[in-house]
Ligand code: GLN
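Starting off, we have a lone chain in the form predicted alone, written out as structure tokens.
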Amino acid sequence: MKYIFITGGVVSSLGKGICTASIGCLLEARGFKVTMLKFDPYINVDPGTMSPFQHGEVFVTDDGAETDLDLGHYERFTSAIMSQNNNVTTGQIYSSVIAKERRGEYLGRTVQVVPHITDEIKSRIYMLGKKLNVDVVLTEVGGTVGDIEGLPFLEAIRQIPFEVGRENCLYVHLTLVPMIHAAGEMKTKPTQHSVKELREIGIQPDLLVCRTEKRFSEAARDKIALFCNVSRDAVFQALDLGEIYEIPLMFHEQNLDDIIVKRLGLQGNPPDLASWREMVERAKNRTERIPIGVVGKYIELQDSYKSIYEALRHAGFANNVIVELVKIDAESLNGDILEETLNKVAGILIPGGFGIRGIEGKIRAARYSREKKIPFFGICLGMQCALIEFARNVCLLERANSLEFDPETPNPVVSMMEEQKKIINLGGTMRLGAFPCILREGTFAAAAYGGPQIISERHRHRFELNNKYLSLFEEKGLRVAGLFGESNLVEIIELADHPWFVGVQFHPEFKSRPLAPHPLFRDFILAAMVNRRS
């Protein structure tokens, strides 16, 4: 088994996740089976209780793990399916070591960062590779070299060559080569200092991936190679591109995958990137634009709805249009602003979230979509807002609301799931992961998925449609398009007398891929195109 470790320096947000996913994409194209592991140095056990403004979205896996958003990149760029074993945090590592100490598993020894914490970190890498029986495990170390919280992870990956052989390990370091516009020069010094810091820890990078605004000169490449102690052909440029799915192709053109295969002694096939290349060309050659309003409460941070935005882009690929995101703050939607803003879009999407802030704006957006016959897609909280709006304005239920927002409402059309009512701890206790859903014939959902069938989608919620109101809803025109049979949980709602109005309790965005756009997103964009052209 081979191990590739990806670290980052100079500044955060350079794109280590995209770099890791792109390398995985190239190795898969050569016929290798890969998996990816993200180390997050924060003490939280997982990002489930963290604010989207702090961490970005929480990516949910089939087995119900709440994980880092980089796992979404891993799944979108490769065929690997992520699980709870693919994201490890400092909180998880220390919790595990402390539990072992309390059970007496260390036989009275003093428990220390080295070797006990580092051994626990290494065990997660080995366990993942063995469990999945892969050819290559790619491990991304979160944060930036020099951060105190990342030191145990860096020390752990430093030790691994002594256990598995240096020939089976490869270190990739992602750095920044900034452009100083006032001087008109690109500077290699930050990269030199970052590699120096990494070498002081005991890790000599094999490959350098340099994030740049534009191509640097061969002289700059030579300088980086000389002062960072790597060969000239091991310095790669990660240029800023308009299409992120072009990044694997950019790396391939620089022979990155050839060098990785050669250095690790892997025997594989020539890369087959035909379908990936065709997808990228299609993405780059679109001209028609379709404006889609995303009515959210975390829109200030791009990463808060990362999978939503990517799924919309994938749907654009499928329909040969550019999805133009119109990000709308739900707190601002009132009066004239509502009409003025939503009148410009061809479709309205309300994503998930938690808490009362911005809810009334989302409800107003759902009403506007219903009354003006604008294609609508409500996801999780978005579906619940559509239900509240329908209850208030069609069913005329006084103060209809969700118990999450108004515990005293006389009409709790959205209520807490029974199994959630006795739960005290917030982390990892929602309805999480993949559950089956039975699609009903003659619905928008069944048409999107290719007919009535049992599908599987990922969930992350505590509240659901209150079935006490279901018969009234159906009497007034609401259509149930999908059910979770075991508990009669309503998974999909629709309006039959609408061009395309769908709300889902699950999160379809987590399963969308650039080569396989999610069917609901695809049909939503198609409906928006029809709406714009009519």
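All of these numbers come straight from a predicted model, not from anything done at the bench. Numbers for residues come from their place in the sequence shown, where the first is 1.
Keep in mind the form predicted in complex with the ligand is missing from the figure; the text below concerns it.
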Is there a non-hydrogen atom of residue 404 within 4.5 angstroms of a non-hydrogen atom of the ligand in the predicted complex?
yes
Though only this chain appears here, would residue 369 touch the ligand in the predicted complex if you measure heavy atom gaps against 4.5 Å?
no
Is residue 352 a contact residue for the ligand in the predicted complex, using a 4.5 Å heavy atom cut-off?
yes
Is there a heavy atom of residue 507 no more than 4.5 Å from a heavy atom of the ligand in the predicted complex?
yes
Only one of 380, 455, 235, 323 comes within 4.5 Å of the ligand in the predicted complex by heavy atoms, so just point that one out.
380
Counting non-hydrogen atoms within 4.5 angstroms of the ligand in the predicted complex, say which of 153, 463, 444, 317 makes the cut.
463
Quick one: find which of 107 to 115, 380 to 388, 283 to 291, 177 to 185 has residues within 4.5 Å of the ligand in the predicted complex by heavy atom distance.
380 to 388
